[in-house]
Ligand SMILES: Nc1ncnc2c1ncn2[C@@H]1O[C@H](COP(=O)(O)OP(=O)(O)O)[C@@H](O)[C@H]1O
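There is one chain below, alone, in structure tokens, taken in the form predicted alone.
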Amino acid sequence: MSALEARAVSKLYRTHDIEVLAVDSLTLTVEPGEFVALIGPSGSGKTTMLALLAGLLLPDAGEVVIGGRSLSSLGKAGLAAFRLEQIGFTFQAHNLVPYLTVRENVELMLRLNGRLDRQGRARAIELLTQLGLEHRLNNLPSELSGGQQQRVAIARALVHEPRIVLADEPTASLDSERAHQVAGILAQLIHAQGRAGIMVTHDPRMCIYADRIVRLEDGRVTRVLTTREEIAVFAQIG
């Protein structure tokens, strides 16, 4: 079974007399352990598509299916619970709680899921150690670099063992070295843990860590790159 399927998904925005078809009958499948880079110009539908995959928006046509369950069938309360359990998020803005320590920020996802037990705490420390933050467990976000904060956000997105990991421009605010570090770590963990990962990015260099590149224009898939050779060339020249 695929981890995630978008089946002919469309989303229409209406403002007064103006209609914008942000996503147009888009179909996408992501397998467990696969890391997909979603690219395209501004206004291509990337952010809307990510919101649809996360269940933050519901499609006007088609359906999003995660683990065999259609998000449209869950209802408002069921969808909120499903997101907490099955989806992990990382964003350009790290959204860390400023008065919580590194460990507490990661454990917050477990607390929200009712899974903050001994095993969960151990998993949080293990993830932070994998991310090179074992000496920063008791630091506040303000005491970390931008790259370190983003690594905390990655740990928080993965600690509750979600089926899907969605990353919206996770490297946009980082310098080149830290961006490569963060994208590489994210890909490594998605592969190792068998999650399905999608990263929206404007930086072609970060696509080198993806297993597949999907380009959107005007809400439609216009190009898909799947071979290592194609991905490497694209990451070099964009």
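Bear in mind the structure is a predicted one, so any value in this text is a computation, not a measurement. Residue numbers here begin at 1 and follow the sequence given.
This protein has a second form, the form predicted together with this ligand, left out of what is shown; the following refers to that one.
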item	value
4.5 angstroms heavy atom contact with this ligand in the predicted bound form for Gln181	no
4.5 angstroms heavy atom contact with this ligand in the predicted bound form for Gly43	yes
Contact of Thr47 with this ligand in the predicted bound form (heavy atom, 4.5 Å)	yes
This ligand contact at Leu225 in the predicted bound form, heavy atom, 4.5 Å	no
Candidate stretches 203-211, 173-181, 60-68, 35-43, one within 4.5 Å of this ligand in the predicted bound form by heavy atom	35-43
Contacts with this ligand in the predicted bound form - residues in 4-25 whose heavy atoms fall within 4.5 Å	Tyr13, Thr15, Val20, Ala22
